[in-house]
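Only one chain is shown below, in structure tokens, and it's the form predicted on its own.
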């Protein structure tokens, strides 16, 4: 190839190059068949996934003239409230979207699942599998096989079907796709992708503030430090070292020297030196963790915020993300796609849920600082999307925006005067933040509309809407006090305990785990099951009646709208793997934070004092999502699982039997 031809290939949009290469392969008789001719004339389809976009708020902002592009899209095509999943949790809902079926067909029922043989919870989307055996060698352990993350979502995806029929697909950051489904499509994993510690987010805050003490908090840790002559050494924690017997975390030193007078500091970590002013964020910092000297190294990236230089000193360090330039786990297909993006647009967040809600809840980030970080995420995602949109010529493109969802969780209290966390000052300072994010989403929709032609189709999809989360219901406390759950002695009722402390499984008949799940302790399924098949139906009906009658002792309101029986709402090969009942809360209520991981506090209903003040894990009818389409849709009602069949129908591709949704065209 001569130099001019090489330059032409490098400048050519990826899909143009692939199309040319495929043409050559077809001529040789060794490539996939050409894309089908869609009856609807679709050659180019774009789906924007806007997590948490609420139809009522959208309509309100349209009426206020703040979302002109949403209005244009509705006038051009269709708007439908979109039926969400049961329960309305993001990994469940987006799995319905990609698989075209309910949770019984894809096996994701909640953020949290449990192993019935150990009764231990785990993240539902992915899990480490494989051997953990090792050969000792002095102080070292040489693994004889590598444990690897496994994607627990089952079933087919619409992009696999499109790909089989010759449609080029790019699917970026769709939730519940870590590790990415093995495919020839261009994909990047999203929600469910861990940080380098294997968690869904682990910040660190270094401070000499006397109001803080060193402790682990949800989603991070706070470390008290002592400055010596204006100098402090901090340790950035990385992955566990599987080459040592007790798997200690590998750490990297961060040196900080603050100016004795000015509000600036110099930071040095490995090969990076930077000077930050108070209140300033760094760009991405590459850190390398040595697991075995001169042999095994893992690379990550993080950002820091110099919160305070003097009285007090405060340094926030973000979760260490998997470095997309040197990924330690597969986060994209093809595997080199993440590296290619770094070359083209620079480093980017790889962790699945990156808006640091944990740091705001822990009082480490202020509301204003959280907003800065959340906007970093959104602006990065928008720049990333613009990059892909500019070179997208034909086939299918999905792109996901997360910031509206996470920020609605944290700032709903600024919209709801009835929330325990509402203040007039908060409403004055941040009451319009959610509305401003809708406007930013509208900008992305407008840029997409500008690219459409007669053969193009744009859909904007949200997985659920929102409501206020004012009060928490302690499901396991209710089960304990009504005799369904038993303990080995006097129950430990502290609000901070989780993991079913002192539960006597030999006498327990039912237990709650996850945000909406309620399980019968079944014989033959749970390791210590007590309820036989003949008694399970009676127990289920008893639980339904009892829970639907629960009233808030302070307000007299019903807490739970409906308890769904799983066999009535789930179908498919994995329906038996989920909970027996799904608790559908009323607006303003949700499962408590303690319920999620098996805690048993004393009170049944308590105020939600966390900044996480908005939610959607209620009965599905209260929080529909949004479906906007640039083409008219034939239905007046739609649900998430209808979208995969609709996408396939749009390209003239047959719908597999596993998909139970109904095409909307």
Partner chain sequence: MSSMNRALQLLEDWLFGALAFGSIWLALILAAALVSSLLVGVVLICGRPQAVRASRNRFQARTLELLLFRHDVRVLCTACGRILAANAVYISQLFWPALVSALPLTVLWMHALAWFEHRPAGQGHLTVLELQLADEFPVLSTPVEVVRAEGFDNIVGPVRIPACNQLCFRLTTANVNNAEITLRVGTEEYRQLVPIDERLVRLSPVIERDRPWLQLMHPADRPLSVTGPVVRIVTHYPKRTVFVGQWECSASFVGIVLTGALSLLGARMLGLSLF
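Nothing here was measured: the structure is a model prediction, and the numbers come from that model. Numbering follows the first chain given and starts at 1.
Another form exists, predicted together with its partner chain; not displayed. Remarks below refer to it.
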item: Residue among 249, 340, 183, 436 with a heavy atom within 4.5 Å of its partner chain in the predicted complex; value: 340
item: Among the candidates 245, 275, 575, 296, the residue which, in the predicted complex, approaches its partner chain to within 4.5 Å (heavy atoms); value: 275
item: 4.5 Å heavy atom contact, residue 383 and its partner chain in the predicted complex; value: no
item: 4.5 Å heavy atom contact, residue 568 and its partner chain in the predicted complex; value: no
item: Residue 261, heavy atom within 4.5 angstroms of its partner chain in the predicted complex; value: yes
item: Exercise: residue 280 in contact with its partner chain in the predicted complex, heavy atom 4.5 Å; value: yes
item: Heavy atom contact within 4.5 Å of its partner chain in the predicted complex, the stretch among 195-203, 86-94, 267-275, 418-426; value: 267-275
